[in-house]
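Shown next as structure tokens: one chain only, the form predicted alone.
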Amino acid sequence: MAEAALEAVRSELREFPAAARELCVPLVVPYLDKPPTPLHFYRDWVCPNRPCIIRNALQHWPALQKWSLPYFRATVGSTEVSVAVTPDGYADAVRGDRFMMPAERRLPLSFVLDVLAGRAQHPGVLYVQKQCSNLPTELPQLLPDLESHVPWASEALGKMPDAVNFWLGEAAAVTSLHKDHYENLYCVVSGEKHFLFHPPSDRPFIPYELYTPATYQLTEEGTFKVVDEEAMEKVPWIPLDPLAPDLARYPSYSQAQALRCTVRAGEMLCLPALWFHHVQQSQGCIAVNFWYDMEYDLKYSYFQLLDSLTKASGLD
């Protein structure tokens, strides 16, 4: 009897993503030709938890005309920034049986620009991606070139962003599949970002496992060694690479349906809270994103229930 009930729960969980997809998940990420009003943003995108790409949202930013590698070299080249360094471009990702965090180095931005332009070499893959508001804390000289928040989003959400982050890196730098508890407004200033998405409703098909956290350490010889973070608890993370999924190990993922989109210079991606996303980029892509904390409302409770049932039923 108990096993039959458990199997009934599993069956419902397997069917739920398709039902949710029919009701509220777009087949492709839609485009808006201009920013929405605060009311329309909240009503049409935040509340239904739907992504969109907005054109002409950044046209008034001086950064859109100014920001380039030569401009950075001239204005902030001597500034030291935090740089994530990994052997293969994967920071905060499962590699083997570890959750690997990058080596972090303080480097002059001019040196990072030299690497991006092919004028200098550095072991591994470089990515300026510290987050935690690294734009105002590490590169405040650039703040006059853009807005400190997104006014229509701040009005709609009734708050200011928790963080404003600057991103600059090599094409080999990849963000592994994960989710955030933020309404994420991701603005590409130069180059392209390539996103792969799953809505929160695909959770029954997306595996999580617990991993020992470890950090890459860059040796004087320019090689990488793995150092376990013994004081830290194990990290729940998604081991699956959505670009080359191991369906023999994770067969349920074949039932998930990813959305893909490319966000180009001058465009803003509205990435809803709790959506799973995997990110690639063009060489030297420059981007800024605004993290607005999500509302911990009934929508959040529904996802927590879906997550708990998926774990309890053994689907992941």
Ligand SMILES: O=C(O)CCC(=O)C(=O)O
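Just count from 1 along the sequence shown to find any residue number. Since the model is a prediction, treat every value here as computed from it, not as a measurement.
One more form of this protein should be noted, the form predicted in complex with the named molecule, which is absent from this view; the next part is about it.
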item	value
Selected contact from Tyr186, Tyr90, Phe72, Tyr211, since only one has a non-hydrogen atom within 4.5 angstroms of the named molecule in the model of the complex	Tyr186
Interface residue in the model of the complex among Lys159, His178, His149, Arg105, criterion: non-hydrogen atom within 4.5 angstroms of the named molecule	His178
The named molecule contact at Asn49 in the model of the complex, heavy atom, 4.5 Å	no
4.5 Å heavy atom contact, Lys193 to the named molecule in the model of the complex	yes
Any non-hydrogen atom of Trp45 within 4.5 angstroms of the named molecule in the model of the complex	no
Partner proximity in the model of the complex: Phe99 to the named molecule, non-hydrogen atom cutoff 4.5 Å	no
In the model of the complex, segment of 35-43, 60-68, 249-257, 274-282 with a heavy atom within 4.5 Å of the named molecule	274-282
Residues from 223-246 in contact with the named molecule (non-hydrogen atom within 4.5 Å) in the model of the complex	none
